[in-house]
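Structure 1 and structure 2, given next as structure tokens, are two forms of the same protein chain, each shown alone.
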Structure 1
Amino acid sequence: MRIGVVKEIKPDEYRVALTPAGARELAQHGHEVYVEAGAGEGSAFPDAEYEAVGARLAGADDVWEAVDLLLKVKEPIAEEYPRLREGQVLFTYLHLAADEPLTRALMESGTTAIAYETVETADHQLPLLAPMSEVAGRLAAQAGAHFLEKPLGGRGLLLGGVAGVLPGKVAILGGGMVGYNSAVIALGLGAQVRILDKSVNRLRQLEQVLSGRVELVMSSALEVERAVLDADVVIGAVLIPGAKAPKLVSAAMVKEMKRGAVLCDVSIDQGGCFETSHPTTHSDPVYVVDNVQHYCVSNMPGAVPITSTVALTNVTLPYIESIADVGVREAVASHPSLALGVNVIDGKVTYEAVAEAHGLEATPLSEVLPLEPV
């Protein structure tokens, strides 16, 4: 199969959809890989590294035109809509429920659009979202430590303390993928860490891996308030799948927090879990409410494209190989998790939540593609 990778043109996006290592795996499977010149630069992968593993460098027009399977990181933006076409499979983050114009452009084009974020395993894990949560969780702890510094408007506290001086306190709301990874880095920095989660099963899992190193607390309004008022850094990492994040921290609570404390709202992409949160960008990441620093960057992994690109290819490659080796119909038929990734095909929306979001009728995938294992 001919597989293509184009340079991301969305502002502030430096990731690329395939590493040279991934390109080599595909070439070894007998596929032709086309890479837009300069596509890997933002992630420190020069063109020469792709060429060295057998990929062909080309202009954007040629890559879009030549390939059967187009790999991207972010959803196509308006100027890319005219490039969408029938007979091509597009595999990327799409987030269509929040983007009606793109949904309609995909339908009109006849392309087969598979979204990373809706690929879902039988145990309801989202394998192509998880690495970005790992990255964001780890960055949140770093951001918390950074913005505690006095010249940056913080309390002026070293999170790890020093010999004879108490460390800072980090409260993490939600102990899932983001929360666990925040805890690992906060612990590494020497902080005192408390994780609150409302799933007792999740608390048990965390107990097994972090036993004795963190305080694990069942989340309730009272415990959230206690933890938040006592903390130097609060990391918001809750998720209720398919819903807006619950506002666990009220504006009144923020008023009572320590002066110069830091709130990192990682859940901001789902609306945020602090009442005082609003989305920020990497170029202007923090603002202050009632003397509390708010870090609410909605695309945190974009700050570390070298790490994020490799983490992304690690998880997407098996699915890419599967589509490339046997074609999209057979790949989808043999992998129910990939079938859930199909959002639009043959002009029809097959992912129910997307159809519902835009008042469209969802077409069962089985009507468009054969889903019996082959």
Structure 2
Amino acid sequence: MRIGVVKEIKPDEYRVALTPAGARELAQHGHEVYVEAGAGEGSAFPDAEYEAVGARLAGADDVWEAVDLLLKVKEPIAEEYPRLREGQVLFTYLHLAADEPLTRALMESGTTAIAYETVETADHQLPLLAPMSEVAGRLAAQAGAHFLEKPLGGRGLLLGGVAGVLPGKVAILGGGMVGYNSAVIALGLGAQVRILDKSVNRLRQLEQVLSGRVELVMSSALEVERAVLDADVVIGAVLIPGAKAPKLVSAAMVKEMKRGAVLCDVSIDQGGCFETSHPTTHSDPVYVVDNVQHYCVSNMPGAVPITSTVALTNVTLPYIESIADVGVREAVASHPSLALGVNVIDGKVTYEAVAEAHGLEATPLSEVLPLEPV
């Protein structure tokens, strides 16, 4: 199969969808790998490293036109919509529930769109989202500490405090992969940490792995409000796979928060969990609403592309190899987890949460592709 990797053109995105090591593995399986010239430079992978493992360098137009399977990190942006075409498989993060224009562009193009973030195993793990959630969670705690500094518009509080001075308070909404990793870094910085989650079982797990060093609270509207108003940093770490994030923090609550507090909305790719959130970039990461700093960068792991690119390739490569070796039809039929990654195919939305977000009719994947191994 012809597999292509293009350079990310979303602002401040430095990741690339495949490392040279991954390209070598695919080449050894007999596949042709096309890499857009310069695609890996932001992640410290020069063109020569791809050429050395047998990949072919080409321009963006040539890659989009030549390949059967196109690998990206972020969703296509508007200027890339005309390049979407029938007969091609797009494998990337899509977050379609928060992006109706892209959803409709994929439907109109006939592209088969498989989203990293909705690939889900039988035990409800999200293997392709997990490494980026780890990165984003750790970055969120760092960002919260950073933007608390007075010259940056924050309260002027050292998150970890010092001897004789109380540390700052961090409230984390959601105890999944993002929330756990946020807590690890916030604890390392010396903060007082509270995690809210709706699952008692998850809270019990966190109690064990974090050794009782955090406050663990069953999430409710009242407890969220209490935690948010008491916190110096609030990290939104809520995820409903493939669906829009619920708005847990209202504009009225933001107005009552501490002056100079920081909100970090890691859920922004799925629409954000704060009513006052809108996407920002690494070049212009924060804005202020009612004296509260909002950090809502929509591609947080792009700030550390070397770490992120290697971590991403580690988990996506087995799925890429499966699609390349047997084709998307057999790969999806043989791997139920990959089948859940299919969001759009043959002009139809097959992921129910995406269809619901945009008032569209969801078509069962079984009506478009066979779900029994052939």
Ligand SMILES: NC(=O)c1ccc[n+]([C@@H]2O[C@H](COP(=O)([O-])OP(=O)(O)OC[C@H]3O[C@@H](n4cnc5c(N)ncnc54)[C@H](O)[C@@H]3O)[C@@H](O)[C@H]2O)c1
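Everything numeric in this text was worked out from a predicted model, so none of it was measured. Here, a residue number simply tells you its place in the sequence of structure 1, counted from 1.
Source of structure 2: the form predicted on its own. Summary of the rigid-body analysis between structures 1 and 2: the C-alpha atoms of residue 224 and residue 286 are best fitted by the same part's superposition. A two-part rigid-body description fits the chain between structures 1 and 2; in it the smaller part is rotated by 20 degrees against the larger.
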